[in-house]
Ligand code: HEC
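For reference, the chain that follows is the form predicted alone, supplied as structure tokens.
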Amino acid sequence: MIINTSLQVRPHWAGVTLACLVAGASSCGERSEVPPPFRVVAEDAFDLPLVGVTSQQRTLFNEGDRLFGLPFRPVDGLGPLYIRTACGACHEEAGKGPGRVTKMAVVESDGLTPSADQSALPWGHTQRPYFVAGATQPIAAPTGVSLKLSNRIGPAVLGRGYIEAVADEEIVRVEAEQASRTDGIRGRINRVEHHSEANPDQPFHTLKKGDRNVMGRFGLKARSATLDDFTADAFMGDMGLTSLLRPVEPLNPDGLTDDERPGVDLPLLTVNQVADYMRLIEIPARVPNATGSALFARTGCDGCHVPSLRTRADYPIAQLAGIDAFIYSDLLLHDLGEGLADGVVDEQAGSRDWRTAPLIGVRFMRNYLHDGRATSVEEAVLAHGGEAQMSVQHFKALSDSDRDVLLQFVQSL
């Protein structure tokens, strides 16, 4: 759903029930034949296109937004197994949630360490509860094995074009700088295999399919290098929709290799259009807060949540090229301790490793961390372990008033 302006005009009589309107004024109190005057209601807008968007970019944004919210059906290639039927079901209005995915991993007796033997999960680490197109069984947790289950809430996709535009050398620079820190913060690039073909019509990257050792930057464990790859992975993994970038149906208990739409389900154009939509979403406007920003640095939060990184000068979207992208992330993996471990290994990301979550659109979130367990920013901060322990101690040492200012700052991002 697109909110086209930060000010929307709404009638103050908009709350009149349908029954009143149908029954007429006599049944619901006296009403004028002429609607009362309109009033202006301020909106804190998000899910908007980039500032300075061109007419062509707005067209791309709107079409991608439509596809993002479009529910797919079995005749479109949904299934055989799936989790949700639309991108927007997990990322409503490009925000965090409400959809969730359940992950599972075979673990050792401590309940945390991933077992070397994952054969009890022949269809992968993701539960897929719904089935169509001839499938008869979901993918569910097996019994009789030591298993760790964990939830993942769909992350917000606001401002993702800024993240894709960040120069590789910036990420390498921050990784090198952290290697010499003395506070325990030491992020790592998740080196992954790239699946997307370079597209001369949409030259957002120059990677080739099968390129190895490229920088992951999308996904909770940074498993995807580009937005095209991220989009194709979500279509296939969450909806069972194949594309040229992910042409094989997910493994399933019925051994089905196709669905009600024979062959590849989605044209590459659909993947590109949804990726373009995410590229063109603006970071929600922020109000400067110098005191909060200073406290953010003083506690060491900016060690991982780096306020800004420089983007590529040659990034094809002019508004995002050669700028400071205020994403509040280093896009690196960090060990956040046993408390947040999920047992899942993803490329070079281990059970305790998570990519630093970009602090974009925080004020629109109602839960925090990868699984939504925290219901406040303070809960989320206190749940950080591993490399973040010293920063958490600095946070705890703040006066009540300084802590409130810092939390308000983070909550405003």
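Numbers follow the displayed sequence, beginning with 1. Please read all numbers here as calculations on a predicted model, not as lab measurements.
The discussion below concerns the form predicted together with the ligand, not included here.
Enquirer: Can you work out which of 246, 125, 152, 261 has a heavy atom no more than 4.5 Å from the ligand in the model of the complex?
Expert: Checking each option against the ligand in the model of the complex, the one that comes within 4.5 Å is 152.
Enquirer: Report the residue, out of 94, 104, 301, 225, that has at least one non-hydrogen atom within 4.5 angstroms of the ligand in the model of the complex.
Expert: Answer to the contact question: 301.
Enquirer: Where, among 133-141, 312-320, 114-122, 293-301, do residues come within 4.5 Å of the ligand in the model of the complex by heavy atom distance?
Expert: Careful reading of the contacts points to 293-301.
Enquirer: Though only this chain appears here, would residue 351 touch the ligand in the model of the complex if you measure heavy atom gaps against 4.5 Å?
Expert: Flag for residue 351 set to no.
Enquirer: Find out whether any non-hydrogen atom of residue 326 is located within 4.5 angstroms of the ligand in the model of the complex, and reply yes or no.
Expert: The answer is no: residue 326 has no heavy atom within 4.5 Å of the ligand.
Enquirer: Examine residue 148 and determine whether its closest non-hydrogen atom to the ligand in the model of the complex is within 4.5 angstroms.
Expert: Judged by the heavy-atom cut-off of 4.5 Å, residue 148 is well away from the ligand in the model of the complex.
Enquirer: Using a 4.5 angstroms cut-off on non-hydrogen atoms, would residue 162 count as touching the ligand in the model of the complex?
Expert: No, no contact at 4.5 Å.
Enquirer: Within 317-334, which residues come within 4.5 Å of the ligand in the model of the complex, counting heavy atoms only?
Expert: Read in sequence order, the lone residue that approaches the ligand (within 4.5 Å, in the model of the complex) is 334.
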